[in-house]
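A single chain comes next, written as structure tokens; it is the form predicted alone.
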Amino acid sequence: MENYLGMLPPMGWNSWNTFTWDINETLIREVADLFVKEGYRDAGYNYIVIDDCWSLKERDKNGALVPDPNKFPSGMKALSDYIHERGMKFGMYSCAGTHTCAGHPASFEHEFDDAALFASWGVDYLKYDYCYKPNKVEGDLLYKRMSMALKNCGRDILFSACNWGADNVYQWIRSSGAHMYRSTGDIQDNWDSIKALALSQLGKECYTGSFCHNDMDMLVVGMYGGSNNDFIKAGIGGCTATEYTTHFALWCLMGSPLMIGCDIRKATPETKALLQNKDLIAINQDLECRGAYRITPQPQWNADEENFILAKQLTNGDLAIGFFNMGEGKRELSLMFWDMGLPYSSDYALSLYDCIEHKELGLFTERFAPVVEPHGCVVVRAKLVRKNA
């Protein structure tokens, strides 16, 4: 089946988390080359996105945005061509306000001209932020306006809305035409941030789906405190390998776009293996893009907000099931199959496959109860089989 624009959660790389303002065309070309050489493109990551700070601080005499010639001396069209020649897509950044978050000119009242300019450069993806929006202007109107401009610019450009979950965005964002939307504040490279963002989106599975994906912000997997931005580092910054695995598994199960934020030039073998985990990516990229629903582990009195199970219906009838322990102690998380609608009397059992360890776990009837390490997770793919087959 043809993969229409925005049908599945986008996958790629964004410059902001690690490099913020310190970007240039050499860096972007190196990332594009590594995406091909190291297998990220073949794993599904196909957008290379430049975030804020790419332009001069003023428009030109004709009102057009101007790439910073010190950072991008070859121009954006040449950089776009370079990325396209390697079988990937090119993304850029603007903002719904008068200025971007870093104080560069943004697209307020320039939407149609900027969309046409981006199209002429070969842009395939636009991240659209929310800083410096005039207070008297409704935010939903600004996103609808840019969406209209993009859809009439003569080129297919994926629209990534980024208003941080403000202004009741869940109620109107799908109607705006955005293909994905930020539902949270900015992520930081630490466990508390990952935990808070994930918990904030539990129970919101009805607000994500094909052509309008709930974006929980870019991945910090593999950063290990490597940002040049003190806010993103949040002090020392960085997570353990276990915490990054839980982070990636949550984003995959909850259907968030997967936008890498680390410096992949310095990625460890463990980081590369996690980001290219085909079993977790397959859950994220499942054709139907169903939201994952929460199940309270049994027994009920042994559960709290920090310990939960997520289940996601997959296209072929399988279930993706994640067991998450966000707390500080090791916990057994017991899933009663009845809580997913599978009674013991149905004569069905679940054949479980571990998506992190990449191994078959066997056949289970009535319940499955893994012991999960603190800040850790277990993710399985469950297939219904006859008990007596």
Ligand code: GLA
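Quantities reported herein were computed from a predicted structural model and do not represent experimental measurements. Sequential numbering from 1, following the sequence displayed.
This next part talks about the form predicted together with the named molecule, which is not shown.
- For the chain shown alone, Tyr93 is a contact residue for the named molecule in the model of the complex, at least one non-hydrogen atom being within 4.5 angstroms.
- At a distance threshold of 4.5 angstroms between non-hydrogen atoms, Trp16 is in contact with the named molecule in the model of the complex.
- Although the partner is absent here, Asp129 lies within 4.5 Å of the named molecule in the model of the complex, judged by heavy atoms.
- Taking the partner from the other structure, the named molecule in the model of the complex has no heavy atom within 4.5 Å of any heavy atom of Ala149.
- Contact here is defined as any heavy atom lying within 4.5 Å of the named molecule in the model of the complex, and by that definition each of Cys162, Asp186 and Met218 is a contact residue.
- Only one of 94 to 102, 191 to 199, 257 to 265, 69 to 77 lies within 4.5 Å of the named molecule in the model of the complex by heavy atoms, and it is 94 to 102.
- Interface residues of 336 to 370, taken as those with a heavy atom within 4.5 Å of the named molecule in the model of the complex (partner not displayed), are absent.
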